[in-house]
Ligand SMILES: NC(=O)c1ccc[n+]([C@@H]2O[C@H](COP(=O)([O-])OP(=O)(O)OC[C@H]3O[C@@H](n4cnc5c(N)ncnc54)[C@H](O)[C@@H]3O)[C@@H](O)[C@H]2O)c1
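Only one chain is given next, in structure tokens, and it is the form predicted on its own.
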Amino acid sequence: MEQNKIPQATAKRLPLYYRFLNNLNQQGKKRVSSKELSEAVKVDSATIRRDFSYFGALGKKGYGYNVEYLLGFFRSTLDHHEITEVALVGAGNLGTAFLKYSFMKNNNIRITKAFDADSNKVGTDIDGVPVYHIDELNEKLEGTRVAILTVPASEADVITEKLVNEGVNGILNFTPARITVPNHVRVHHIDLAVELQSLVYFLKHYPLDKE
């Protein structure tokens, strides 16, 4: 099945599978069952088997899945054989936390440059990532197509327009602003305040069954 025909819900789960398989491989484990995968990534076995079915016969009944083969397959599917450079725009508290946190150490996505308007940060580097002035976007992006947006909400639209004009077509938006982009640009919105409010609401009104 062509990559663009895979359901979006399945595509979003692929990095979860990859991370767990990578850990298993590092532990020297050779095979894994859909039940083990299910318990680890908190996705039911039927969903995992259905997800995997979009990619053909990846496992054998009664045997499970070959960890090394699956890892290689998903590495290729997720383009982990290529380095994807990401720019971070807004090196405030949240942005700095991203630069210091090695959440991308197990794949080939790298934050390679950051931008900010604070003269105290411009010209420095944070954990090896150089910080440039926001006015240098057109000069320093150098073909980067993915950006993380951690600027104040009031600046989000202006910065987004600059990013799009420089060829960025994927934005991970951590601001509360619902930015406007052309049809060819994909934006994933992550509003931490909204997610936290949602969590508290569900805890109050939809309590989980206790075992």
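Not measured: the values here are computed from a predicted model. Sequential numbering from 1, following the sequence displayed.
One more form of this protein exists, namely the form predicted in complex with the named molecule; it is left out here, but the text below deals with it.
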{"query": "Position in contact with the named molecule when the complex is considered in the predicted bound form, options 134, 129, 109, 78, heavy atoms within 4.5 Å", "finding": "134"}
{"query": "Residue contact check: residue 144 to the named molecule in the predicted bound form, 4.5 Å heavy atom", "finding": "no"}
{"query": "Partner proximity in the predicted bound form: residue 160 to the named molecule, non-hydrogen atom cutoff 4.5 Å", "finding": "no"}
{"query": "Touches the named molecule in the predicted bound form: residue 70 (any heavy atom, 4.5 Å)", "finding": "no"}
{"query": "Residue 48, heavy atom within 4.5 angstroms of the named molecule in the predicted bound form", "finding": "no"}
{"query": "Check all three, 14, 63 and 66, heavy atom within 4.5 Å of the named molecule in the predicted bound form", "finding": "no"}
{"query": "Per-stretch contact check against the named molecule in the predicted bound form, the hit in 180 to 188, 31 to 39, 151 to 159, 48 to 56 (non-hydrogen atom, 4.5 angstroms)", "finding": "151 to 159"}
{"query": "Heavy atom contacts to the named molecule in the predicted bound form at 4.5 Å, residues of 172 to 191 in sequence order", "finding": "174, 175, 176"}
